[in-house]
Ligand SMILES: Cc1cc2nc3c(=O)[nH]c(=O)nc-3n(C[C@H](O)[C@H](O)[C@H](O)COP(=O)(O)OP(=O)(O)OC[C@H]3O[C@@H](n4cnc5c(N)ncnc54)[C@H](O)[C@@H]3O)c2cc1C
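The chain below stands alone, shown as structure tokens; this is the form predicted alone.
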Amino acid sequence: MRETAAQFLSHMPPLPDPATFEAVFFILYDQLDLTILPPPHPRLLLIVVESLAYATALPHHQKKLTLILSAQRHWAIAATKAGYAVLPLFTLGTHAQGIAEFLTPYPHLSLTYFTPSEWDVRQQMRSLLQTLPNSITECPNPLFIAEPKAFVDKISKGYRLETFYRDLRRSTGYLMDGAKPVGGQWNYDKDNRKSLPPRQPIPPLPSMDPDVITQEVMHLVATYLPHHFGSTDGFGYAVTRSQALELADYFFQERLPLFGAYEDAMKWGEPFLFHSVLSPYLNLGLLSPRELCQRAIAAYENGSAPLNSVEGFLRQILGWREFIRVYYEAQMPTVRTANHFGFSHPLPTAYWTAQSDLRCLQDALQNVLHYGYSHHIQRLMVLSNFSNLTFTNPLELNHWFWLAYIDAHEWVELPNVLGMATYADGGILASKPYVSGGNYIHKMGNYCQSCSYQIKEKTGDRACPFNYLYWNFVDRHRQAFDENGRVSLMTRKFDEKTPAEQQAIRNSAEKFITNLPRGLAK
């Protein structure tokens, strides 16, 4: 891989001599924001690291690795143009090992870095304190809005997103009219659950043409990591802040107005609909949460977007994104092994191949395989729902989400999967298991009319598997429903079915789960 490093270095100014500097600032792959740095100084050296160990810890989607590496390389070039001295490092080990290898000959250099968002990288960096003589300083991560210390002790059963979200609305003043929310309501969920009209025009998501640097990264990933999930073919994501801002401009102008109404909608062959698809850039530091919240609010104030769309977008960032980050800080590392229901089945093979007779599952998985992306309802109510209903080990699903999505870093995907989507933490994050039958998917998508299964049939080989799998789940895990008044009705509904209907549900579910192909395709 030496030639790929040489290719990148050919785009950089001559490498600085570390011996001539006094201080080193290490910037991680998800902290690519020049505004959080101290001003350029003749004695300050910026370090970026490309870690093979990180890239191969999981078979991360080839587009995800392309995005991270290309964005990091473009950031390094931008930093040199901004007046910083920048030294790229390349290591077969972890980021921390790369830093240690570099610093060992230079004990006079002090090291500063921002707290890594991901647990393993954080612990690896903190281990340097015991192994290096250099002065090492860890600074708080400035790329979030909420201060975790103010909330981590509250994370337990009963402390929900809505309480946290309202606290942050009050503290930031976002969409507030004095002490009250703008419009008189804290959220507009009831206005954001419309199914998509068949002929509703959908603005296309712009694609960025890969430049020479991105093409070099695509070649690197495809050549040296060919067995990783997905491919680099068709890569068109933003890799610079200017490109990310261009996509943000497009979203606020063309997609935000209808985002709210169709936030939960699904449509075959439409992976993006009206979603922003800005999370990859937000999670790399190319965009900031504050600027996106402020731009959304400005769109409401100037009349270019309705309140339900703006509040829905704001809640995704100010509410959900910030909430799960606090949850991650409070629950790590023990939550990594959470498996409340004790599910042990391997991940279905379809998650690796995107081949399924279930039309909704096939579409969601094809989107992930091709783009490294699907929107949040496909993630929650199709992919995670199916995993839960087939008693799949949530830890396997968690690792799959981590490696398969371009916007997935552990701090953001783990709470979503083990907390929200699978109830693996036993109800600390979510108030109920997020499972449903086929009717929800039928209502919110257009899959059922062209599916191999029949949505109106409840049991048997022709019935939509989501129908009987849902009721089987309710029956098998009724305590999780009985404990929550919002969904306790479902166990009573199951008990009202005739013994023959109940047995047909159990038989259909057992047959489907038993025969479901599992693990990597052979």
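The structure presented is a predicted model; accordingly, all values stated were derived computationally and were not measured. Numbers follow the displayed sequence, beginning with 1.
Here the subject shifts to the form predicted together with this ligand, a form of this protein not shown in this document.
A.B. asks: Is there a heavy atom of H375 no more than 4.5 Å from a heavy atom of this ligand in the predicted bound form?
C.D. replies: So H375 counts as contacting this ligand.
A.B. asks: Would you check, heavy atoms only and a 4.5 Å threshold, whether H340 touches this ligand in the predicted bound form?
C.D. replies: Flag for H340 set to no.
A.B. asks: Does E413 make contact with this ligand in the predicted bound form, using a 4.5 Å heavy atom cut-off?
C.D. replies: Close contact exists here: in the predicted bound form, E413 approaches this ligand to within 4.5 Å, heavy atoms only.
A.B. asks: Taking 4.5 angstroms as the cut-off for heavy atoms, does L128 touch this ligand in the predicted bound form?
C.D. replies: Outside the cut-off, so no.
A.B. asks: Pick from R379, H95, R73, R241: which residue has any heavy atom within 4.5 angstroms of this ligand in the predicted bound form?
C.D. replies: Here the answer is residue option R379.
A.B. asks: Please tell me which of A296, M420, A265, L247 lies within 4.5 Å of this ligand in the predicted bound form, judged by heavy atoms.
C.D. replies: The residue from A296, M420, A265, L247 that makes the contact is M420.
A.B. asks: Pick from 117-125, 191-199, 379-387, 133-141: which stretch has non-hydrogen atoms within 4.5 Å of this ligand in the predicted bound form?
C.D. replies: That would be 379-387.
A.B. asks: At a 4.5 angstroms cut-off on non-hydrogen atoms, which residues of 308-329 are near this ligand in the predicted bound form? List them in order.
C.D. replies: Sequence-ordered list: F313, Q316, I317, W320, R321, I324.
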